[in-house]
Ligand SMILES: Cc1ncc(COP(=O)(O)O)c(C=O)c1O
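So this first bit is one chain, no partners, the form predicted on its own, shown in structure tokens.
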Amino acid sequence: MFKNIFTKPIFISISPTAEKNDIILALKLLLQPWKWKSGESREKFKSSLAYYLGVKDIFLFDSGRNALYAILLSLNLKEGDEILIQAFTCTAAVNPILWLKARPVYVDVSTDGVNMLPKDVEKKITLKTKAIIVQHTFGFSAEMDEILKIAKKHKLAVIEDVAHAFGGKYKRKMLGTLGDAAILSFGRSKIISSVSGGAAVVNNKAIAENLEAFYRSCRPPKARWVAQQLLHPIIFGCVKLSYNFLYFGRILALTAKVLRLYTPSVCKAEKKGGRPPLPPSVMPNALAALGLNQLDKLDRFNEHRIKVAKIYEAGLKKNKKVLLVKSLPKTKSVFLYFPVAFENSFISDEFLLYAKRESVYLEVWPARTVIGPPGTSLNKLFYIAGSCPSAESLALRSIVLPTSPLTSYKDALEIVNLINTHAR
């Protein structure tokens, strides 16, 4: 019981980018409710994002999923239209398709990677196909040249999902600027975090005009919702500090959950294709302030992630029991997580338990099925078992390792040692 009481735990997704000044800023904003909904931070965040990406049209929403919904709505889809999206993804990327009564069609991933296979993209296109959502999983760029070529041939819109890859590049071009539109996510475990939030990046004039009209109809979320987001980094900053000490941190996390002091990242309805309680809303000013503070750290965060990834690569490359994903040539991967695949699900699950006993709390993404989080109904999300065998295999065998700015090089070396000890 007392073995790990003073051991610093290693987490992968509990406020992984929230540094001291982010927590202090959240506390200050919590005490200034007049700044929650409106103020100058939203416009500053928007213009700073546009400058960083080198684009003109950006629309800030309460979440990445609602940013994607807004983009899809702007395509004027009809009931039964098909959208190609890779298996090995999450409900947040699939559900907006369902909300418009369109149909997701799942594309398999490559056998040695985590992104959609261009050959399978071509195979899955029908007369009903209207767009391709291209996910840059874990910060690894998808094969954009081939996908864009296929899209042009079939006159399909291309939407980049940059939720995992903000700051990444494909042949010197920023991810999120290659397709007709893109989404960014600033959720609590993303590259940078405003706790909740997202952006629609638009490179197509017609889509931008349609989206602008919808955006004007959106309003900021209610004050209670904003307060719940601001409380999240404060609560979990305390949780992490006291996680192993007489279970105080765990009790605090559970108490905060029961009292609904923060919102869940995914609600129950979303696991069955439903909508979250909050309708599409503009990003409130307070969360834009958090995002702006994190944006100043983006390049430092990503350079750190790259260095941590190099530690994993160097330490695991000789281990024949694990499969590592390689970046495409002439790309810059930013490693939201570092994926590792074992020989089978038994070894993978055993390792997670082994690591947990050493206070290393690793995770599976998206789940042990091709759409996460755990408990998601594949039937409700129209996934056909066996249609994406590589994605199904990868979901069973893989885990993700932390790369966040709060993951030290010492932490990474400890994880490498755990893997090499367990899988040999």
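We number the residues from 1 along the sequence you see. Since we're looking at a predicted model, the values are computed, not measured.
Separately, the form predicted together with the ligand exists; it is not shown, and the next lines address it.
Checking V322, I192, A93, L72 for any heavy atom within 4.5 Å of the ligand in the model of the complex turns up a single hit: A93. Among the residues M283, I132, V107, I183, the one placing a heavy atom within 4.5 Å of the ligand in the model of the complex is I183. In the model of the complex, the ligand sits within 4.5 Å of a heavy atom of W365. The closest heavy atom approach of A163 to the ligand in the model of the complex falls within 4.5 Å. In the model of the complex, none of the heavy atoms of G176 sits within 4.5 Å of a heavy atom of the ligand. Contact annotation: S398 falls outside 4.5 Å of the ligand in the model of the complex, judged by heavy atom distances. Looking at 383-391, 62-70, 351-359, 39-47, the stretch with residues near the ligand in the model of the complex, meaning non-hydrogen atoms within 4.5 angstroms, turns out to be 62-70.
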